[in-house]
Structure formats: structure tokens, C-alpha cells
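Next up: just one chain, as C-alpha cells, the form predicted alone.
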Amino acid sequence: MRVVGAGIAGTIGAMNTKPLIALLTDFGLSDAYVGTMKGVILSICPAAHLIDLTHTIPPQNVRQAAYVLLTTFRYFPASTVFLVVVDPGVGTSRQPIAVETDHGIYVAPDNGVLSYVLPHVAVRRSVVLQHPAYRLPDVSSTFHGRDIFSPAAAHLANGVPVAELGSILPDLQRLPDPVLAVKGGEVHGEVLHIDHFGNIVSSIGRLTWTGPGMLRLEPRFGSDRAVVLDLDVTACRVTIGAQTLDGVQATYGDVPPRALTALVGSSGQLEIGKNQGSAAQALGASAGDAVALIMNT
């Protein structure tokens, strides 16, 4: 994490006449949990504009929430309060926290859910959410999203400085990095995420097109982040399980309908997709499966 000086919390109200809070949870929409959190927020900060990133993170899947946050945060204003509640340790000794950065304030449990986004922002301070004035009067042991996290996010959106919410927490919990290793002419990763369409998102990235048929890999994860690798996509193959795909495409439509393809997704990660179908279903893929990008010799 990069750590710098002054804060932004106190200027949020001045920067935005309508403070922005982005919500990401695993609560789903069949219960009233998300609606209740929004009611708490609007009772404290009636001017808040609430954006739903998603509420369909698989239950307790902290790593998937961390990945989704990584792929979305940069598209929001720097004054956004991100409210992230994927919290399998609710009610335990895990700490509720707020992290102030140069691109947003993040309110979340200290369980590693911020692991992937924090290396990409400058962290100014992290605090434990412990001040009773910024919680609901009665705190349950099973719904901190309502009783601790939502009030904190609302007060921050109102302009309360992060430092007012509790004491400094110098070290945050971190998730292990996803698998990503460069070995000679091979890049080894894993399935990181499967989206609503059944596209298989790997940990291999970030990939950018540098010219016709040419890709540059600048790893986001793993110990090889200093590596820059230029690839001729016509001389590559991608493997996942028993499936091998030749080349890397730019779009799903570069292959016939129902055909599998390797391509660069919108987040810059290597994906395996199926034109007008579910690659995950076709391949029986799940998170953690091995994926490799191999340069033919």
C-alpha cells in the first residue's frame, strides 16, 4: 500500500452536492437486507445517491468480492464511499474498518476483501469503526451491514472525517494473491471469477493490445509483477483442463456461434468464453482451476 498525507473525507460534501455511496454485498435481493441498509443510510444522509455494484456475490466469497471491487472502483468519482459487506466473520473478533484513499473511502470488514484494490490507490489512513456515535444504538451480532457499516458509510458521506470514527489500524488483513507465474514461455494462472454469462475470467492479466495480433502482459498478481511480456497471439495457445484453444481473440464474435474462444476481457484479464453460450458450463469450470497461456516454439 502507498501511504500519503492529508484526507478527503471532510471535503466530500463540498465536492459533491449529492454524495455517492456504492454498495457491494453477497446479500442477494430475495430478502430485505439490502433495502434495510439503504434505509439506514438515507435516514442519516438523505442526500446520498446509492449505486448497487452487485448483491449477487456468492455467499461468503470474499475473494470474488475483492475481484469485482478491483474491476469497478476506478470508474467512480474519487469522492465515492464504497460500502463492501461480504462478511463470513460477522460477530467475531474481525474488525469493522474504514480505509481512506486518494480514490474513495472503503467501509468493509477487515477480512481481506480490500486486498486487490488497495495496491492501486494511495492509502491515507485506516481506522477501526468503534465510535458509538457512528453506529446504531443497538448492534446485533449477525447484521453489522445494518448496524455498523451502513451508519459509518452514511456519516462519511455527510463529511465526517475518517479519523473521527475510531482508532488507527496500521495493518490490514490480506488475501493470498491469485496464482500468476511466468516460467519461460508459459504463463500459469487460475480461474478467478465466472460471470453471469459463464465467461471464465483468469488471473492472467493485465493484457493490452499493442498492435495487430500483439499483446503485452503486465501481471497484476503474483511475484512476477515487474515482468513485461510481449506476445504474438497467433503463436499462443490457452489451456484449461483438457481443453486447448489456439490464439487469443479480441471479441467473442471472432469465432463461430457456440464455439469456445480465449480472449481479452473488459478488465484486461485473459478469459475463456463461448460465443452465445456459457464456457463455464461447457467446460465444467470453477474458481481455482488451472489456466495457462503458452507460447508455441
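Remember, predicted model here, so these are calculated numbers, not experimental data. Numbering starts at 1 and follows the sequence shown.
Note that the form predicted in complex with another copy of the chain isn't included here; everything after this is about it.
Novice: Looking at heavy atoms inside 4.5 Å, which stretch does another copy of the chain contact in the predicted complex, given the options 182-190, 143-151, 94-102, 112-120?
Specialist: So the stretch in question is 143-151.
Novice: Please state whether all three residues 177, 285 and 291 have a non-hydrogen atom within 4.5 angstroms of another copy of the chain in the predicted complex.
Specialist: No residue of the spot touches another copy of the chain in the predicted complex.
Novice: Here the chain is shown alone; which of 62, 240, 264, 233 has a heavy atom within 4.5 Å of another copy of the chain in the predicted complex?
Specialist: Here the answer is residue option 264.
Novice: Quick one: is residue 246 in contact with another copy of the chain in the predicted complex, heavy atoms, 4.5 Å cut-off?
Specialist: No, residue 246 stays farther than 4.5 Å from another copy of the chain in the predicted complex.
Novice: When the contact criterion is heavy atoms within 4.5 Å, does residue 136 count as touching another copy of the chain in the predicted complex?
Specialist: Although another copy of the chain is absent here, residue 136 would touch it in the predicted complex, with heavy atoms inside 4.5 Å.
Novice: According to a 4.5 angstroms non-hydrogen atom cut-off, is residue 169 in contact with another copy of the chain in the predicted complex?
Specialist: Residue 169 lies outside the contact set for another copy of the chain.
Novice: So in the predicted complex, is another copy of the chain close enough to residue 276 to count as touching (4.5 Å, heavy atoms)?
Specialist: So residue 276 counts as contacting another copy of the chain.
Novice: If you apply a 4.5 angstroms heavy atom cut-off, which residues in 66-92 are near another copy of the chain in the predicted complex?
Specialist: Sequence-ordered list: 68, 71, 72, 75, 76, 77, 88, 90, 91, 92.
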